[in-house]
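Each of two forms of one protein chain follows alone as C-alpha cells, named structure 1 and structure 2.
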Structure 1
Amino acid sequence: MIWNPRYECIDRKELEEIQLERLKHLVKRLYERLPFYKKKLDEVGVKPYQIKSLDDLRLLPFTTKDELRQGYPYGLFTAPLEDIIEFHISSGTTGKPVVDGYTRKDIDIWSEVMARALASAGCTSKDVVQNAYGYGLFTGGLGVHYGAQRIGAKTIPASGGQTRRQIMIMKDFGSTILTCTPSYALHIAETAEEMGENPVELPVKVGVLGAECWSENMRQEIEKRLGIMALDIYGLTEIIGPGVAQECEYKEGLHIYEDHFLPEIIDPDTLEPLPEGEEGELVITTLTREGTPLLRYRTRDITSINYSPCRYGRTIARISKIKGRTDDMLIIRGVNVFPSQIENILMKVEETEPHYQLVLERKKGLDDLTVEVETTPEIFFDEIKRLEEIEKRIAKEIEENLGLRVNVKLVEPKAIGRSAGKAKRLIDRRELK
C-alpha cells in the first residue's frame, strides 16, 4: 500500500517546486547558522540568494564523510543542542565517529519515511514486525521501530542475534514481516533447518532487508529458502538511517523519498552530474532535516536513477539496487568497516607496519571476516600460548573499536600475495553477494 499518496504520487512539477523551496530555505539556514557551511559556501563564492532553480544545486559544495568526522561531536549540528532529542553515533577508529543528531521533527520525518518504506512492503497495522536490526547506536533498529510504530504494527524489538529464540518468537507470535540484514535472513533459514524446522513454513511473508550490498542472486536464494518476498531498503546514518529509499513489491528499483532527500548521481572522478539512467555515485541533500542537515553528501554508493513513475503508481524517483562502493568500505553484518581501520588496530598491537589480508566468506548465511596477519619477528614467540594471545588481542581490539567480531589467523611471513609490492587487502570468497 501507499502510505502517503500526497508525496509518493506527487506530480513532478509540484514536487520540484517543493524541493526548490526547501533547498533555498536549507542553504540560507546553513549559511546563517553553521560556520562549517558558511566557510564552504564562501569558498565556492555562492550566496544563498543565488539558488534560483534546482539546477543551481550543482553550484553547491559537496560534503564528505571525512568532514563529518572532523566535525565530531557537534561541528555539524545546525539546530541548537537543546532541540536535539536523540543521537546516533557510528563506530570509528580512523579519526572520529560520525554523529547524527535528531530533533523531534527529525524523528517525525524518520518515522514518516520508514512508515512509507514498510507500507511499500505491504505492512499494515495488522502485521507483526519482527525487527532483527540491532538496537543501539546503529540506526537500523530504532529507524525501523519508529516506522512500524507509526503504522501501528505490532513491533517485536528482537534486535540481532539469539537466532534460535528469534525463530521461536517468529512462530509463537506469528511474525509476518522480518526486518534485518540480508545475510541475517539467510542465517535464520540455516538455523531453522538445523532446528529441524522448514523455514518456508515460518509465518514471515516479507523481508525488508538492507544495511548491506546484496545481489539479485542473493535475493532469489533468500526468497526460495524462507519462502518470502525479499525487498531492499536503503539508508545511511549520515542522512537519517534506514528509510531513504525502499523497493515496492514490483522490485523495479528503490523509491527514494525525494521530498526529504534530494538525489543526484555524479561521476565520482569528475564530480559532474550524470544523466538519468547512468551509473555513478549517489549524492544526497537532506531537504528537511533540522539537527544535522547535509548539502550534497557523497554516499560513495554506486547506483543509477530513474524518474519514470512505477507500475504501482508512485511518481517519485527510483534508484537501482546499490552496485558497490566508490571507496574500499566493506559492509559486514551491517557494520561499516574500512580496511584502514583494521590496519590501524594491527599497527597498535604489533607496533610496526602490519602485513595483513582480509578474507571475507559466508558461513551459515552470515558474512564472516578473517584477518590474516603475517607473523613478524615482533609478534613471533616460541610459545603457542603467546601466539594465541596475540590472535585474541587483535580480535578483541577490533571488536571493541569496530563492533565487529572477526577471526584472526597468524600466517607465515610473505604468505600474503603481493603484486608490485602492494598486497591485495581483500579476498572475497562469498558465493552470493
Structure 2
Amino acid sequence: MIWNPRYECIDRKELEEIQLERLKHLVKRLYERLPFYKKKLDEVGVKPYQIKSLDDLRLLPFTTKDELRQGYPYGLFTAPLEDIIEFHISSGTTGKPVVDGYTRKDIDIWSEVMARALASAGCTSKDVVQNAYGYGLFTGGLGVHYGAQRIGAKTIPASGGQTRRQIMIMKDFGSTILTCTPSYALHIAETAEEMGENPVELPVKVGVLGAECWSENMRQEIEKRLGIMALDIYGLTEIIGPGVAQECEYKEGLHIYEDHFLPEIIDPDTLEPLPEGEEGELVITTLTREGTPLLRYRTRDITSINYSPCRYGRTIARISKIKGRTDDMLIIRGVNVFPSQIENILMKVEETEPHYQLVLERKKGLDDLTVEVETTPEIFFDEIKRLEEIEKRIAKEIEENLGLRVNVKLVEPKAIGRSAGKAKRLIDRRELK
C-alpha cells in the first residue's frame, strides 16, 4: 500500500526542485537562528545565498553526534522553547545524551513518515498494531504510535517486556502487525514455544523490526519461527526517530522519504560523496524539521543507495539494509569485521539458536575474539567431542568467509541474556585487563 503517492511516486526532477528549495530555506534558517551552524558555515566560507543547486550540498559542513552532545540540552534548537511540545533523548551510553525537540509541525511530519512506513508494510485501518517498542524518551514507541494512529489502525501500546502477556494480548486482540526489535521478535517466538503455543499460529502476519542491525539470515529465522513477513525499518533519534526509511513487501531496500530527509553516501575516511550503488556512510540532512534540524548529519551507518524505481512503483531512493556502523566495526589483528557479518554465518548453523555474543579480550598484547553462541537443547547435552566439532566448524566458516580467526564457545540454551530492546552483542573486556 502507498500512503502518499504524491511524494512516494514523485518524478525525480520535481523532487529535486522541492529538495533544493527546502535546502535553501534550511541553510538560511540555521545561519540566522543558530550560532553553532553560523560558526560552522563561516568556517567553511559558505553563505546561504551561495546554495544554488543540490550539488552545493557538498560545500556544507558535516554534523557529528559529539557536536550534538555538546549542545545539551537546548543548545541546538532553532525553534523557541515555547514552540517545543515534546522531547526525546538518544539511548547512547557514553557522555551526554542527544536531545531532540519537536514542534507541532515536527510531530505532524513524524506521523506522516511513519504512516508511509507502516503502509509500506501493508498496514491499513483494519489492522491491529501491537507496538512493542519502548515508550518514553526512546523514540521507537511513540513514533510507531503516531504513524499507526495517522493510518487509523487499532494501536496497542504494549511497550517492551512482559513477553507472556504480550503473547496473550496477541491472541486475544488478534494483533496483525508486530513492531519491535528483531531480537525481541525471536524472544517472543521462544517464549511462545515455552508456553506450549505454536508461534506460527499467532495472528501476527507482519513484523516491522528495527533499532538494531540484523542480517538476512536472522530475517529468515524470524519468518520461519513466527510465520510472518519480517520487514526492516530505519530511523534514529537525531533525525526524527523511526520512519526515516522502510522496506516494502519486495524487500529490495528501504525507501527513504527524500522530501524530508536528503540522503548522501560518503567515504567515511575521505568524506567525499560516493556514486550510486557504492557502499559507504549514510549522511542525512533534515529538510523540514523545525525543532532540531541538522545539516549533513553523519549517521555512522554503512549502506548504499539506489535511485531506480521499485517494483511497487515508488520512485524515491532506496538504501540497502544497514550492514553495520563505522563505530561498531571491529578491527581485529588487521581484519575489519562487523558483528552482523558474524551473525550471518551463525544463522546458517542448524545446531545453534539465534542468540550470540562477541567477547573481545586482549591476550599477550593481541586482541582476541570469542564468539559465544547458544546451542539447541538437544546438542548441548551431546558428547563433548560433538560440541567441539561444531565449534571448530563454525570457527572455520568464519575464517574462510571473513579471514578472521576466532574462538567459538557453545553455551547452554538461555545462557545469553534477553532484552525487549536492543540486544547487547559485543562485550569488550580489553579495558578491564
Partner chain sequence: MLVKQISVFLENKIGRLAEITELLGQNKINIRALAIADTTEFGILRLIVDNPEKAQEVLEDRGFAAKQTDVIVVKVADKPGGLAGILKELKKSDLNVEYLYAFVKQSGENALVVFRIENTSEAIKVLQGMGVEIISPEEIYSL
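Take the two forms, superpose them, and find the largest set of C-alpha atoms that agree within 1.5 Å; that set is the rigid core. The structure presented is a predicted model; accordingly, all values stated were derived computationally and were not measured. Please note that residue numbering is based on structure 1, beginning with 1 at the start of its sequence.
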Specify the structure that is the form predicted on its own; exactly one of the two qualifies. 2
Choose the entry from 406, 154, 193, 327 that sits at the hinge of the motion between the two structures, where one rigid part turns relative to another. 327
Smaller-part rotation in degrees, where the chain is treated as two rigid parts between the two structures: 164
Where the rigid core has been superposed, how far does the Cα of residue 358 end up moving between the two structures, given in Å? 7.0
